[in-house]
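Just one chain is shown here, as structure tokens, and it is the form predicted on its own.
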Amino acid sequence: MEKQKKENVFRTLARWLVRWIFGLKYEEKWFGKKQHAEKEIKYKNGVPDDSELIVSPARQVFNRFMDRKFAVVSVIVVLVMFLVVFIGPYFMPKYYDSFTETTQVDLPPTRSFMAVPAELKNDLKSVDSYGSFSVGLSNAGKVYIWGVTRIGASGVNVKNMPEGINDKKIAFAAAGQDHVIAIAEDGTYFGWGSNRFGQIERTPEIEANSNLEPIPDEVANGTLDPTQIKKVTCGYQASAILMQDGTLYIWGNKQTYANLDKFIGRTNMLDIDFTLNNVVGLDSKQTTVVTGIKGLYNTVRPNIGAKGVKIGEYLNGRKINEIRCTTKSLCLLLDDGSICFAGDFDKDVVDVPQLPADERFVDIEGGNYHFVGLTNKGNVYAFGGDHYYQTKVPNLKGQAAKVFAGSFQSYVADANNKLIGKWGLKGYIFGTDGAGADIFQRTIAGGKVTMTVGAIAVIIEIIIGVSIGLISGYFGGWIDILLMRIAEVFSSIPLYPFMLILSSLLSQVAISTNQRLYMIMVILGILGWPGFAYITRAQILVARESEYVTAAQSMGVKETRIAFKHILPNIISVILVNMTLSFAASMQTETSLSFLGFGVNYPQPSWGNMLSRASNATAAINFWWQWLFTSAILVFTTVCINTIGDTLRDVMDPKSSNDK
């Protein structure tokens, strides 16, 4: 019996799906004509009982609604959208409205940030990254590039490597924000990408610009001995080559790196790296951080959250072996295998785990906000910023021999140069905006704001409008005249000019983002209630002459009870339809206001202000993803809500025909 019931349920669902998708014709063709009357008739004491053949009005409405396939799809879409925007934020705990990232600006939709080429996975020498793309180098001397290689709207694509590079065996390769440099084993220098700030080559314009440091002749001419090169590295808009004897060659944008001049011509450097705005080095003394700026990074801390200590006091006779940087912070590897930190750390910081007594760090690499360290036991630890889970190290079972840090990724190779682990940011489903924020996350958070504004505004409209319409229509007389004149006054207020004036006045007052949001909800509700009042009043004028109202009056039922307990439930269907349509209209109004700058303000996202930030010719032509996804979701959602409202109006109208 139980099995038969399950089969009937599945068969019913199958019939419904076929009818919904293909129509009644195919349902009857594939399942046979359904004999509704015969199946619904039950027998009681041997006599046919046809009482259950009577279908309730609610059931009729439901059946007619379910026959409208577009309406059903619309309901599913709206429900899914509600679930996504209201539950989705709980699954993106690293998100916050004001997040920006300079190195991730205007990136298209992609999931290729960790798409290491197959040829490189088994012969990995190095990986370097500073922005949206990574540069990998194999032990065979071949350069590989993956990720988003097109740099903004500049037309520069770092995927286009210079001629002749594939004919050389490359010894070193490094990546900046928008450029790549490489040194071949015969000393040949290669640089490609953007050269706006002299990052890759010398030109007369760069030589004449005092804010730029040209590439040294020794580097450009290929006269350096590659066997004597210790390190090749790039910053945001600068590059550097450090030799084994301590000679440093450095060039690039001196406006971005205000202390770059302090490193030109140095011959006593043991290590060099870049934060976002400073050059940081280690000289032969190995007892201090070299910046050329007094007081900068002279205080360190034993762990990320600890109190700062003067660097000389903390070292206590120990030496610094390596300096590794993120955009704002430093990690110092000491000669005893311990580490310490200097600089600033942002949100979502993960501290260094406590190592066993017999374990110590032997190498540290830095990404944009995180560090990844290798120990003498072959274990890997990641710590620092964790906005994109770049510190979630997989279980590598002590097999690591090399570690590399990308901008928001980490890579690990074993002793055989085989890639055995990678983790971090894979990319962005909807791309990023002009501030480097994830559009997908902001779309979810913005949808919650837009839908909340729409829902609360409609609730306010219903409470005010239905109450006034009910009282006005039922009692009539001077009450009706007074309330309708008030409704006409509110109807005559132009929304957008009113919001423009109010926004101008509020700009002079300190008001929080949430307070502004509450104000928008209330204003939309207060200005939008007359529509509900008119509709409710019209229905009441018809319903108050009905027989059930006359009967209630003759029984002495209170007037307010008749209005709210007897008449209101009978006109709820009309209110429900208009509530659905008004919800979509309120969403569109909030979007329009935010688009014009009078609604929800940045950094709090809404679909309107997200579109506003993409409403320029550059974004429209070059960064299509910044407006396409948000506008498509907004249009699709509002169309679906309107479809639901229109369908409800049709199926609840007793005068409409079945094939209307």
Partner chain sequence: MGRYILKRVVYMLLVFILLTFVLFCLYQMMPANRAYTDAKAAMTAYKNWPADKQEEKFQELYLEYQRRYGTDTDNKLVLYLRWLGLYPFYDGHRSGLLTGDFGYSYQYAQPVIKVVGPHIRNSFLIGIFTEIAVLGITIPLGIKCAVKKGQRFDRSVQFLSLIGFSTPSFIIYIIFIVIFCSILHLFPVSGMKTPGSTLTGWRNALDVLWHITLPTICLVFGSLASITRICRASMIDALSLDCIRTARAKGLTEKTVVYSHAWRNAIIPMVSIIVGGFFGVISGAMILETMFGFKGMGLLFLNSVRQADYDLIMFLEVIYTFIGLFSNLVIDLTYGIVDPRVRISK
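No experiment lies behind these values; they were computed from the predicted model shown. In this text, the rigid core denotes the largest set of C-alpha atoms whose superposition between the two forms falls within 1.5 Å. Positions refer to the first chain, counted from 1.
As for the form predicted together with the partner chain, it is not shown, yet the points below apply to it.
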Among Ser512, Asn316, Ser492, Gln354, just one has a heavy atom within 4.5 Å of the partner chain in the model of the complex, namely Ser492
Scan Phe498, Tyr96, Tyr389, Phe86 and let me know which has any heavy atom within 4.5 Å of the partner chain in the model of the complex.
Phe498
Answer yes or no: in the model of the complex, does the partner chain come within 4.5 Å of a heavy atom in every one of Phe595, Ser631 and Thr643?
yes
Within a 4.5 Å heavy atom cut-off, is Glu488 in contact with the partner chain in the model of the complex?
yes
Partner proximity in the model of the complex: Leu502 to the partner chain, non-hydrogen atom cutoff 4.5 Å:
yes
Met66 within 4.5 Å of the partner chain in the model of the complex, heavy atoms
no
Just checking whether Phe70 would be counted as a contact of the partner chain in the model of the complex - the rule being heavy atoms within 4.5 angstroms.
yes
Could you run down 509-523 and flag each residue that has a heavy atom within 4.5 Å of the partner chain in the model of the complex?
none
Using a superposition on the rigid core, decide whether the Cα position of Asn622 changes by 2 angstroms or more between this form and the one not shown.
no
